[in-house]
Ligand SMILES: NC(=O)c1ccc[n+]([C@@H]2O[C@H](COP(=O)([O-])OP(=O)(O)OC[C@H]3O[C@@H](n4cnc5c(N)ncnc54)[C@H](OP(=O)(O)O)[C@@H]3O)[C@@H](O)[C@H]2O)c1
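Presented as structure tokens, the chain that follows is alone, the form predicted on its own.
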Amino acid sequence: MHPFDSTRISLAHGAGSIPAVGFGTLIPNAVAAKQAVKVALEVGFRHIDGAEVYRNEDVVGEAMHEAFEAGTVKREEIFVTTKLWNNNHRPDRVKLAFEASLRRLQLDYLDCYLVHTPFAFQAGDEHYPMNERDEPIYDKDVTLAETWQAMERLVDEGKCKFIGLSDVTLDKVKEIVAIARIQPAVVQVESHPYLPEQELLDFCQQHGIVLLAYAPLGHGMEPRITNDPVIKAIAQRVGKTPAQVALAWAVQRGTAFLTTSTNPVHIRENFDISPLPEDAMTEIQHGITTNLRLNAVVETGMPGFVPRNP
């Protein structure tokens, strides 16, 4: 049995592939973010996931460039994803937002561009346009379908290989799949043993879409997945850490995942995962009854993990 570090999942009916093991860059401190990306690339991560709203695409770009120059990795060996933020959903803003992300990342093409959430906020320079009740001001004049058509044009122009959705419910994915000329290649959502998203995963697999799981270890929140008795018992049995068990489960069920850390030991540990015995997969499926969504972004478009004013 091979370790999972080089596993790739086919995208868009074989037109490419995405590494199953990816590194997320939601790290508010710019210095720490740059260092973490460099360590991740040195360890062997080949998928780097960013977003305009993380406000650190520039340092992620610097880290990648320094890795290219040092010969750690070549541009074509890494899969880079970033995301369109909610204030840029109007079709005339999509390309501008995309090009600004490319400039900050210092890249001439993107492997994957995602609609960060299906919620359009008021167009403008404010990431979080809020009313006096501290609620987001939504843009009622643009539909997700119109935003999606603008995303498709990016693929037509050749600067972006794949497009997808993020922080969506199954209904929204179905809505886009029904109208898309270019189908979503990736759907990025919170998913972990406490939120398996099995129905969404089944739908994605039927349609050749990769489900990309973020917070696969539950974002360090309580109740901690790594303290779960089922996962701890399996970890002891297979000689891995609870984190490695939860991440192996993610790959083995057919999803890709993103993990984020600034600690080099954890970055290495999160990369060093190997297949679980089948009985362990069954135990996780049937033995864990906790069901928990940690990030309410799918209901409002306001992400639970991204600091609003870093």
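Predicted, not measured: the structure shown is a model, and the values here were computed from it. Residue indices: 1-based, along the sequence shown.
The discussion below concerns the form predicted in complex with the ligand, not included here.
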key: the ligand contact at Leu26 in the predicted complex, heavy atom, 4.5 Å   = yes
- Message: My question is simply whether Val94 lines the interface with the ligand in the predicted complex - judged by any non-hydrogen atom within 4.5 Å.
- Response: no
| request: Find out whether any non-hydrogen atom of Thr255 is located within 4.5 angstroms of the ligand in the predicted complex, and reply yes or no. | output: no
So, Gln188 and the ligand: in the predicted complex, are they within 4.5 Å at any heavy atom pair? yes
Among Leu217, Leu201, Leu84, Cys112, just one has a heavy atom within 4.5 Å of the ligand in the predicted complex, namely Leu217
With a 4.5 Å heavy atom cut-off to the ligand in the predicted complex, the contacting stretch among 60 to 68, 264 to 272, 279 to 287, 37 to 45 is 264 to 272
When the ligand is considered in the predicted complex, the residues of 97 to 128 having a heavy atom within 4.5 Å of it are His116
